[in-house]
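Given next, in structure tokens, is a single chain: the form predicted on its own.
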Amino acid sequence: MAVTVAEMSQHDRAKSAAERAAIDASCRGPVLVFASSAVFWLLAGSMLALLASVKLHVPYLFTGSAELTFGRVRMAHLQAVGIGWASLASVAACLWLMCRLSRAELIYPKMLYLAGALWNIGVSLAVVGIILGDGQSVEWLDAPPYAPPFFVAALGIVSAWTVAVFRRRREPHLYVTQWYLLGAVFWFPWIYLVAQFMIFWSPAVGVVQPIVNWWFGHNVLGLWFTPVAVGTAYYLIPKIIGRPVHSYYLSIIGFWSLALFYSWAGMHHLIGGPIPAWLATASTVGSMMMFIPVIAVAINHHMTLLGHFHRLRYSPALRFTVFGAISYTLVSFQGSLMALKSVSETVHFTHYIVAHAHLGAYAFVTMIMFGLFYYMIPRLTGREWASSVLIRIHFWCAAVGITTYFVALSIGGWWQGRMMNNPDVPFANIVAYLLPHWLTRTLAGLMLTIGHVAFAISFVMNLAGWGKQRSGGPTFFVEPEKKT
């Protein structure tokens, strides 16, 4: 009997939906373990951040407790949100997206449960150890010496499993998102191990240590969080709106120029310090060349979304992702300009740097990870989100909160730098000037924390079985980044 085109199409869609369901079932447990851990550390890091912010304008708060001094709380916050929330969310993204795009099921998931346990033990040791006074006071590498081995072991397992899924792929086409994910799971272990060896395990001599420190500190964002977040955006935007990426060739330019230029950045933070002049100059050139990948990605995302901006009203995943994608453009442009000596001399050692870091780590990376969770979790649990109100609270608290945070500290930090470079301005006057900016920072942080609590409640409700059951029928499916 003859089969109609419509019947063939329906059969293909049903087959594709069944394949995706099998893939999601294979990685459901490990991905949810990493995602749940990430949400926990997001809440813990938010509380620590709020306490650190309050202590800037209420310095005598908890003065009787050494464990709650600003220095310890701030370092513990950085580990909780950097190695905890953002890294664990990135691992969940790597595993799920690689399985989906490779059309391959996850093998030996129990090893990833072990990796999740090791990673959480490492974060717990880092946060608690810092609060108890064992922190090492190295930016981004504050964890006590007994915590990194757990990260290294867990990271090795995750990287190996991501590559293993890719090697077992049934999809012959190689998607741009996969390039970014493979780059991330190669680059991050490399830069983390090099930094640990050269700063702690086999220390380099003298000025080499701060050079390695800022090389790591800059590249943990640019070669770990950025590839995962940009790759996630490349998956989510086409997937949600139902059309392929605008230009496959712009994707190639964006990826390889990121790989080529970003590793040179970072040394501009040491301009004026005792480092070789050629190193600072090369870093400045590398930072300026970062305009190439950023513009390529921005054009690609914008042109892909063109004509579909109305979908932002209906899709929370798209709303968070687009906010993060726009922030990627802004933070990258700002970072390149900060590499200029004239700008760096003003913003060094000011709250302008804090604002820039949060524009990258939160407005860009974290917002895209939120978008991924809103898209991914219902497909793993089989249930829709239970409350649209909680989602709206989360988005507006996060969007308004981080915008307020960035604007307040950018303005305050810029004028702080101008005043610090003026020998006629007493330091006490600078502190008094910054007080309202610190208060605004705390209010913005409170908004962010409220949003995180709303997100965590939604997440727990979904895992607990609240929310409507997702339809088991075939869904509209568009390969997200196929060459056209």
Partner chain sequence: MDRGIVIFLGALLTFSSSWLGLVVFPFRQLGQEQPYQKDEGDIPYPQPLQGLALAGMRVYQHNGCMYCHTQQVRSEKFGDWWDANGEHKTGADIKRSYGLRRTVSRDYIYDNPTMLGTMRTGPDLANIGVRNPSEPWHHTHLLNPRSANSWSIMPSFAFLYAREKIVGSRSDKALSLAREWTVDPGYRWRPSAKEWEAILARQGDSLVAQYTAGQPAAIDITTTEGKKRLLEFWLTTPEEEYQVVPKAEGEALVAYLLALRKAEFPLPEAKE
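Keep in mind that what you see is a predicted model, and the values were worked out from it rather than measured. Residue numbers count along the first chain shown, from 1.
Heads up, the form predicted in complex with its partner chain isn't pictured, but that's what we're talking about next.
- The contact residue chosen from S263, S124, Q334, T403 relative to its partner chain in the model of the complex is S263, the criterion being a non-hydrogen atom within 4.5 angstroms.
- Of the candidates F395, F225, W161, W215, W215 is the one whose heavy atoms come within 4.5 Å of its partner chain in the model of the complex; the others do not.
- Residue heavy atoms within 4.5 Å of its partner chain in the model of the complex occur in exactly one stretch of 359-367, 87-95, 248-256, 324-332, and that stretch is 248-256.
- A residue is said to contact a partner when one of its heavy atoms sits within 4.5 Å of a partner heavy atom; S137 meets this definition for its partner chain in the model of the complex.
- Under a 4.5 angstroms non-hydrogen atom cutoff, its partner chain in the model of the complex has R169 among its neighbouring residues.
- Residue contact check for S53: none of its heavy atoms lie within 4.5 Å of its partner chain in the model of the complex.
- At a distance threshold of 4.5 angstroms between non-hydrogen atoms, W415 is out of contact with its partner chain in the model of the complex.
- Although its partner chain is not shown here, in the model of the complex the stretch 64-96 places heavy atoms of G64, S65, A66, T69, F70, G71, R72, R74, M75 within 4.5 Å of it, in sequence order.
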